[in-house]
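Have a look below at one chain only, the form predicted alone, in C-alpha cells format.
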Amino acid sequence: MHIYRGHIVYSKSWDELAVHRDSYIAVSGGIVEGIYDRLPEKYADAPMTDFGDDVLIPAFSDLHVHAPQFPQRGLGMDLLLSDWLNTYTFPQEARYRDMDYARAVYEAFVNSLIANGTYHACVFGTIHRPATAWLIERMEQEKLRAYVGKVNMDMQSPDYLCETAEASLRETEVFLDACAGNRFARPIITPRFAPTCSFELLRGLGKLGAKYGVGVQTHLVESRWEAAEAVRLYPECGCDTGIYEKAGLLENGPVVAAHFIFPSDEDVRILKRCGGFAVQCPDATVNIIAGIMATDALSRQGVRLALGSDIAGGHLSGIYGQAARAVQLSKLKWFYEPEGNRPITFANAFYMATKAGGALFGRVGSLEPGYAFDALVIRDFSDPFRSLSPEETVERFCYTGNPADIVAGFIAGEAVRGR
C-alpha cells in the first residue's frame, strides 16, 4: 500500500473530467484502491508521497506508431505521402535487417515512449522478424503494455520490402509463437494496408489470427487513393474494412484501424460490429495532407476512438500534443465542413488519449478504483500572476508541455526508471 497526495484529474467519460483537488489516492499491489478528500484512519501508517500542487493523471496510450520510423521524425515534412514514403520511409525500414541498427533505434524509441509518459502503445515494426522480436521483448522488459506487429506486405511495394506470401506467413507464425507467453507486450497481426497485401496473404493471416487468438492493426481508409485502390483490387468486398472481414481478421482479438479518415457507411458498420478502434493521428494528417477525421461524427455513431502519434508521419512522440491537435483539427473540420461535424472539447480529446485508448490494454487509462496505477505527475503550470485549476494545468500541459514537465511516472504502481 502506498498513498500519493496531490491534485488528481482523469476522464470519467467522453464528456466529463473527474477533478479531485488536494486529495489522496491509495494504491495497493499496483491497483488504485480509492481516492479520498481526507485520508482514512486505516491508512494513517501507510507510506505517503506528497506532490503538493502538482497533478496526477493517467499515463497516455498511443494506438498507432511506427517504431522503425523513429530516426526520420521531423524530416521530409515538405513532401507529400508518396514521395515521403519512397525517399525516407521505405529505405529507412529496409535497414532493420541489420540487428545492430535495429537495437540502437528501438532502444531510443522505447526511451522516448517512457519519457513522454506513453506507457501503452500499438506498434508497427517492419517485415524483419528478428528486429521486431527484439523490440517486443524490450517493451516486455519495461512492462510497457503494448501490441507489436511484424509487418506483412507482398505486393505493390519496393522489392527490398516485399516477401512472398508463403515467407511472410511463415515468419509471422514464428513471431506469434515466440511471443505467445508475453504478459505485457503482446503480438498483433500487422498487414501494412490492403493494397500491399494479396488476398492469399490476408487469408493466411486470418487463419493465424484464429489459431493464436490475436487481433489485427492496419491502416484503414487513410486516403481517398487507398479507399479506392482497396475496392479496385477487391471489388467483391465492397469497402476497405470488408477486405479484412472476408479474410477472417476481425474476429480474433483487438482491431485497430489507423486514421479511418474516409470511411463509407459500410466501413463504419463493420468496425462498430467488431468493436474496433479508429485511431486519429492529428500531426500526420497535417504533414501528409490525407484529410481530417470526422471525430465528433464518428463518436456520435458509436465508433471507439483513440489517438496515435504515427511517428514519423507525425513528428512529435507525445500523445498529450496529439490531444491538443485533435481539438484544433475538429474546429477546422467543422469550419470548412459544417454539415454533420462539430468541434470536440478538450475533455473529449483527453478521454481519447487516456481512458479510451487505454481500454485496448485492459484496466488502464484512468485513476478510478480497480484500474492499474499507470500514472504521471505533471508539474503545476500556474503563473506567478495567475493560479491554474488542476484541469487547466492538464490542458496547458497538453498544448505547451514536454517531457521535462513530467515530474514522476508509475507503471502498475512501480516508479518508472530515470529517463
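Each residue number is its position in the shown sequence, starting from 1. The structure displayed is predicted, hence computed values, not measured ones.
Keep in mind that the form predicted together with ligand GUN is not shown, yet the notes after this line are about it.
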Report whether all of Leu329, Arg396 and Tyr399 sit within 4.5 Å of ligand GUN in the model of the complex, measuring from non-hydrogen atoms. no
With a 4.5 Å heavy atom cut-off to ligand GUN in the model of the complex, the contacting stretch among 158-166, 329-337, 114-122, 188-196 is 188-196
With ligand GUN left out of view, choose which of His128, Arg325, His219, Arg304 has a non-hydrogen atom within 4.5 angstroms of it in the model of the complex. His219
Ala290, Ala247, Leu85, Ala133 - the one with a heavy atom within 4.5 Å of ligand GUN in the model of the complex: Leu85
Look up in the model of the complex whether Thr89 has a non-hydrogen atom within 4.5 angstroms of ligand GUN, and give yes or no. yes
In the model of the complex, is there a heavy atom of ligand GUN that lies within 4.5 Å of any heavy atom of Ser366, even though the partner is absent here? no
Given that the partner is absent here, does Asp240 sit within 4.5 Å of ligand GUN in the model of the complex, heavy atoms only? no
Is Leu81 a contact residue for ligand GUN in the model of the complex, using a 4.5 Å heavy atom cut-off? yes
Residues in 21-42 with any heavy atom within 4.5 Å of ligand GUN in the model of the complex: none
